[in-house]
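This document starts with one chain, in the form predicted alone, laid out as structure tokens.
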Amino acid sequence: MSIKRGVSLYSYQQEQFFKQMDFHDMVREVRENLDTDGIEIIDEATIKGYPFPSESFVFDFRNTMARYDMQAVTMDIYLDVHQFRDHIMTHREAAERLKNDIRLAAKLGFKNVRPLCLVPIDVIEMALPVAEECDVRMGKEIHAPLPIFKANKQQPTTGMAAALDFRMAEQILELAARTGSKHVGLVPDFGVFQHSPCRPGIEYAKRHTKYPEIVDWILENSVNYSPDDIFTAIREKFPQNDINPGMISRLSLHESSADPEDLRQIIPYIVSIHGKFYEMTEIPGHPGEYEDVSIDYETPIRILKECGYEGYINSEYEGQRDQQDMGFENLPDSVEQVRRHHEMLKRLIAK
């Protein structure tokens, strides 16, 4: 047995939006052109009528998966706490919604669900009995700028990272130990192993500011500042700047990258893995071989193999989001990008 390959259909969001591919096309692409069987979906993006789809949809989904002999690996859950518009969900309401999503995932044949990293640990605990009843594992996502373990990183107090709980992995491990449950775990995202800004993100930031030199300054200096201090430094050096704080956070995101060695401590708790990537380019001197130059894949995959991980890495292409402002004729080919990603995965898994 070895690491298995799959695809998050999020990767084909652009083709879905322009009606170039539907769910059936995506599943066929994964089976016939990637020669693999793992499928991950985002609930609202794929499930027609979510959160209460019709029986005809459920049949069509399961029938399509059966036709191509596919595995329903993970269903991603976002948990819209503003769903009712007149109030923000309480934690108990959120738990009821999560329970419904778990039951829906089981009905569609999924083995796992992925609550977003912002879902509180008590909500996950309240939903745990239903996960056990349905035999569906809940894997909370470890997403940049989260490290795997808080002890290794300083948590920012400003910016988007301030809303995240850097003890997330510890909380999940503590819950699993206290309850003895095998139905709670983690979904690491390869974005936590990003070591440098990606080209699409850099060029997007430059297109959306009057002062592209600010972007160059951030790229050259972010390593010298803490996540909090970088905001202050930019305001002082460029008082007239118009750059979005979210862009600043993204350009310095790699400074919060996780230590791949930390994977060794969470292997038994990994539900599945997000194979985040932004741009696959050909490796110089190696025709037909590809890499994402901003994310370390080789080290984490080596560690996963050494530790005996046999679950799925599901490709999650996100680079198209930074290019959708350039016009249809300039959009990247997501299908080709995912194919290149699987060339890399196959090569590294077999290495």
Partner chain sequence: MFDEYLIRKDSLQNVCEDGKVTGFRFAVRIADYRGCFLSLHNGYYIRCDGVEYPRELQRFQINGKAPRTFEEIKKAVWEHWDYDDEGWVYVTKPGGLEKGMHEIALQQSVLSQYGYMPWDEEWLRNPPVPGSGAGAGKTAVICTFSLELQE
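Residue numbers count along the first chain shown, from 1. Since the model is a prediction, treat every value here as computed from it, not as a measurement.
A second form of this protein, the form predicted in complex with its partner chain, is not displayed here; the remarks below concern that form.
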Quiz item: Do heavy atoms from each of D25, F59 and I266 fall within 4.5 Å of its partner chain in the predicted bound form?
Solution: no
Quiz item: Since exactly one of Y211, Y78, Y225, W217 fits, which has a heavy atom within 4.5 Å of its partner chain in the predicted bound form?
Solution: Y78
Self-check item: Selected contact from T232, T281, N244, Q240, since only one has a non-hydrogen atom within 4.5 angstroms of its partner chain in the predicted bound form
Solution: N244
Exercise. Indicate whether its partner chain has at least one heavy atom within 4.5 Å of a heavy atom of L108 in the predicted bound form.
Key: no
Quiz item: Given that the partner is absent here, does L118 sit within 4.5 Å of its partner chain in the predicted bound form, heavy atoms only?
Solution: yes
Exercise. Consider I42 of the chain shown here, and say whether it contacts its partner chain in the predicted bound form, taking contact as heavy atoms within 4.5 Å.
Key: yes
Quiz item: Any of the heavy atoms of K305 lying within 4.5 Å of its partner chain in the predicted bound form?
Solution: no
Quiz prompt | Location of its partner chain contact in the predicted bound form, chosen stretch of 80-88, 127-135, 253-261, 179-187 [non-hydrogen atom, 4.5 Å] | solution = 80-88
Quiz item: in the predicted bound form, which residues of 170-186 put a heavy atom within 4.5 Å of its partner chain?
Solution: none
